[in-house]
Structures are given as structure tokens and as C-alpha cells.
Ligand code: HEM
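Shown here is one chain on its own, the form predicted alone, set out as C-alpha cells.
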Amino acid sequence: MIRDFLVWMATELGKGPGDTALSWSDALASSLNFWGLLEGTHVLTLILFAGTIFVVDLRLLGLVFRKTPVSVISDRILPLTIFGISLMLITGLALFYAKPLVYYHNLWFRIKLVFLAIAFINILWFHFRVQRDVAAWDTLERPPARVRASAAISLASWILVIFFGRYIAYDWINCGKPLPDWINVAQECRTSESGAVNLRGDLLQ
């Protein structure tokens, strides 16, 4: 059902009359200059967002700016964090919209989404549970264990989001190539346009 929706979104949504008319998704993907601008903006805003998050996380771990209250660092950096994550999400959704089926059948993208979900769940946990008693540890050089645990999860999650996101650009495990069965299954290659091919070179039905 998800794939059927993505097929419609990629091929039909916004498509005009005529055989040569492009859907909005195809038009966006084929716009070389705008695509490059979109991709570049996504990477830069991800760096901005991750950079601000890393500074706060390292402070929460007690590794940097240990004499500065957490609230001071957080308040100074928060506007940049909000700006970065807003543009990052907008450009990320636009990139996905341009090539939804390519990303849907990409294992790196799927793993990235898992760690992205972990990162956002951790943000909610931190703000609604861990941060409730911030006054008690705001000025501590080494915050309590639960604070440091949340910071460690955040740091690791965003590093892995960036790591797996970078691999999306490579076609090493694209559907249609000879791949281990588990990768074909994980990417749902049998339902892709390229199909699933095992390591022996056999097209799987």
C-alpha cells in the first residue's frame, strides 16, 4: 500500500495531459540546477543542525564548556538549531518527493529513518522527562547519568543518520544488482522496477 501511494506520487501527481507530460516529482528530479541547490541546502542545514546539537550533547556529557551552565549554551544555540532542523526537514522531504521509489527501495535510507526516529524520540524524552529538573543539574560540570545517557543516544543517533545518509548516494546495493537474499528482502527489491537478483545472477520472481 505504501509503495502504491509512492508510485502514484512519483508518476501521476501533478501530471498534465499528454504522453510527454511530467509529474511534479519527475519535474523536480529532472531539474538539474534546482536539484543541486536543494541537495546542497539539505547537506548544509544538516551540518548546521547537527553541529548545534553536538555542542549541547558534548556539554551534557561533561566534555566541553564545563563551567558554562547548560541553559546558557542551549538558549544561545536554540535559534540556530530550530532554523537548521526546519530547513533540513523541508529540503529532505523535497528530495524524497523527487525520487520516492529510489529511496523506498534503498536499504541505507531505511536504516537512516530508523536512527532518525530514535533521535526524535530521544529529543521528546529529553525535553519532557529528563529536562524537567534541569535546575538541579544546570550548572554541574558532569550532569546526572540519565542526562548523559540521553546526550550519548543523541550524539550516536545523529552521527549514524549522517553516516547512512551519505551512503544513499552510492549504488552498491541498488535493486537489480546481484545481492544477498537478505538485502533483496530488506529493500523489497522484488516489487521494484529493477527486480531482485541473487548472487548467482538469477532474477527472483
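Start at 1 with the first residue shown and count on from there. None of the values given here were measured: they were computed from a predicted structure.
A second form of this protein, the form predicted in complex with ligand HEM, is not displayed here; the remarks below concern that form.
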property	result
Joint contact, 35, 42 and 89 to ligand HEM in the predicted bound form, by non-hydrogen atom at 4.5 Å	yes
4.5 Å heavy atom contact, residue 169 and ligand HEM in the predicted bound form	yes
Touches ligand HEM in the predicted bound form: residue 147 (any heavy atom, 4.5 Å)	no
4.5 Å heavy atom contact, residue 96 to ligand HEM in the predicted bound form	yes
Any non-hydrogen atom of residue 175 within 4.5 angstroms of ligand HEM in the predicted bound form	no
In the predicted bound form, segment of 24-32, 45-53, 61-69, 134-142 with a heavy atom within 4.5 Å of ligand HEM	45-53
Candidate from 101, 123, 116, 73 lying within 4.5 Å of ligand HEM in the predicted bound form - any heavy atom	116
